[in-house]
Each structure stands twice: as C-alpha cells, then as structure tokens.
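The form predicted alone is given below as one chain in structure tokens.
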C-alpha cells in the first residue's frame, strides 16, 4: 500500500510540474477586431512581428467592406463571451453602445501626440486608427485630355458640365463610365456613410453640426436636401449600372484604378489598391458637388478608433500594443509605408506614398476640410433605414420625387 501511495505522490508531482510547465509555455493572446479589410494583411504582418518581439500572440479579426458587419459581429462575440481585447468603433453612437467596457486611456503615452483621439466627457477612450479623407477622386490625365479643369469641380453646375462633356467623349477616352459609384446592398457604406455626409456637413465650418442637429430633431431643410438629391442623381446617372447596383468594392475601385472611370466615389483608404495606377496616371480629390453654392473642401477625420476592453485579462498588454503602434518606428512604418495611411500622431514624420493620401494632406494643409458627421446617426438608422432607399433609387425602383419623400420621412420619423 505504501509503495502505491509513493507512486501516486510521484505521479501527482509530475503532473503538477507538467501543468506548471504548460503554463510557462503558454502565450498570452490579444485579439484585435477591426473594420478595414483593405489593411488586413498589413496589420497581421505588423502584429505578428510585435507578438514575436513581446512573447505573446496577437490575433487580427477583420470584418467590414460590405461582406461583414463589425458592429453585429461584436455583439455576437460579446454574447458568446468572446469579446476582443481591442476593438474598433466609428464614433459616438458606437461608443455609447460599448461604453460600459471601454477602458479609460487618458493617461496613455500617445494621447498628447494626437488631436483626433475619441474623447467623451473629458476622458480619452479611443485610439485614432489614422486620418482619412475623401472628396471625389479624379483621374487628372483623363480630365486634361477632356479639357476639364479640376478647379471647376466645386458645385453642382461644375460637375454637370464636366460629367456631360466626359460622357460624350467616353469612347475616345477609353472609359466605361464617367464615375465609379456603388449603391448595392453590400456597399451601403458608400452611400449612407460617405455620400450622406455631403448632406450633413458640406460647406459648413469644421465641427458645425447644425444640419445634423436639425435632422436629429426631425427638421428637414428641403432646399438643402433637394440639391443633395440632385448630386446623388448625377452620380447614379453617369455610373456604370452594373457596378452601381451589384458591384463590390474591388469592382468599384478597380474601374478607376484601371482607367475605365474618370472619377471614383471613395477615399484615400484605396491607396493600397492603386499601386499600379500610381505609376500610370495622376490622381487627386475634388470637393463633392452636392450644392449649387461653391464649396471648396473635402471631408477629413479619424475614420475609426480602437477601444480597449476593460474586462479583458490582457488589457494592459492591449494598451502596450497601442502605445507601441503610435510611438515606435515599427509602428510608424506599418501605418504609413505598409498600410499607406495618414498618421494621426504628430510624432510620426513619415508621409504616405499614395497620391490620394497626399491629396488629403494638401487639402488639410490649406485648412479646407469639412467634418465627418454621419456617425452622429446610429448604424441602425444609416444601414437599415436609409441604405435600402438609396438602393431602390439606384435600381430605378423609385423616382427622384419618391426618393426625396422617403428620405424626408425617414429623418422625420426616426
């Protein structure tokens, strides 16, 4: 019996040592969920290098671009008890949904190096992923051949004349369409995130939310809305119908990158898709022409923010990941040279190579920028209420008058 007891003690001791050894061999894991699939590969490469250097594992989950809804995925993760350690939000409405688990990042080393962090009630909660901007991207070589001056693209009249002229020369210019625009069901964010913002902030002083405030109160400026709908109609009229109604991100961006469209309704985040095009033609941004009045600026802001899950067992490691992203040379190289984004931090002096990012920086240097106000509306309202209305208009299921009516009723009854 004594021999058996000694054997059992020995086995238990060995098991304990093995278990402790396994714990020593295990790596901490940080999970980061983000909504920009266009930087998925670059972010994974940076995360892998950082993980190796820090003796941890980093898992990147990318969900966005129309194929995956990050907000819905986060809700599913939370319900399953699998909430990421770091996750991206777009703005105030998203923050309010997750504020209970958002760590206070006010004392982090990167906070004094940016002016565009997400701040609520005087505390910093969101790490700005980058700075992004958009107007209407144009192929400068095509415009020059067509005799269209980009400086004329500042209002509805300027765009009407330019679009009609280029359309009449499509065969000569080798174009399939004047503008590459998308309004399909999986590309709702082109219309109800980016295009909608023309209604909300075009021509207004940066930070001016007066139009949004009115709409949130159910008050619709019929003149401003009517001119905005003229702009939407113009874009839809001169778009490739297939791309407009069923095209995905690659189809929409690819038409412009391959010189088959003179304009593109996207932002500087498409620079990674323009690697070949950058060597082929000059490109830049012009203002959106959503009003009869002249507007001379583009829409610029931080597109999204990383929050740290305060309930995470690895919250401190997650904070270190963000600190290193903002303050190390490896982080700067990833942001600017690999992901080709405009850095949101003043300590990063690298400049992106992409022409569209350079155009955004040029508009910024002139102070000619308008706010992003679309995220003052909930994702539910933008994506579930408004997006189908744009889609119906793109598919000729409703006419212009009905489009205006449905938008008006949506704002009044939200």
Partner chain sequence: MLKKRSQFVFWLFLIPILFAFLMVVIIPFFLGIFYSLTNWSSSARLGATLDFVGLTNFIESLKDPSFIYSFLLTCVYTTLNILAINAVSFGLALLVTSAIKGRNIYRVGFFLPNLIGGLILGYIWQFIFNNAIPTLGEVLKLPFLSNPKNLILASRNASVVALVIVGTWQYAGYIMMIYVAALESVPVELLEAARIDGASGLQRLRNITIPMVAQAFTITVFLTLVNSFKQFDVNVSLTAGGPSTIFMGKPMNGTELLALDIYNTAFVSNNLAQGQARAFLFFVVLVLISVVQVRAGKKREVEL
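Numbering follows the first chain given and starts at 1. Remember, predicted model here, so these are calculated numbers, not experimental data.
What comes next is about the form predicted together with the partner chain, which is not displayed.
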Hey, of 219 to 227, 254 to 262, 167 to 175, 237 to 245, which bit sits against the partner chain in the model of the complex at 4.5 Å between non-hydrogen atoms? 237 to 245
Contact check for 79, 383 and 402 against the partner chain in the model of the complex, heavy atom at 4.5 Å: yes
In this chain shown alone, the residue from 313, 293, 279, 100 with a heavy atom within 4.5 Å of the partner chain in the model of the complex is 100
Using a 4.5 Å cut on heavy atoms, which of 157, 106, 205, 185 is close to the partner chain in the model of the complex? 185
Can any non-hydrogen atom of residue 113 be found within 4.5 angstroms of the partner chain in the model of the complex? no
Given that the partner chain is not shown alongside this chain, does residue 388 nevertheless sit within 4.5 Å of it in the model of the complex, heavy atom to heavy atom? yes
Is residue 75 close enough to touch the partner chain in the model of the complex, meaning at least one heavy atom pair within 4.5 Å? yes
Proximity of residue 379 to the partner chain in the model of the complex, heavy atoms at 4.5 Å: yes
Change in CA distance between residue 205 and residue 123 in the model of the complex, which is 3 Å or more, as closer or farther: closer
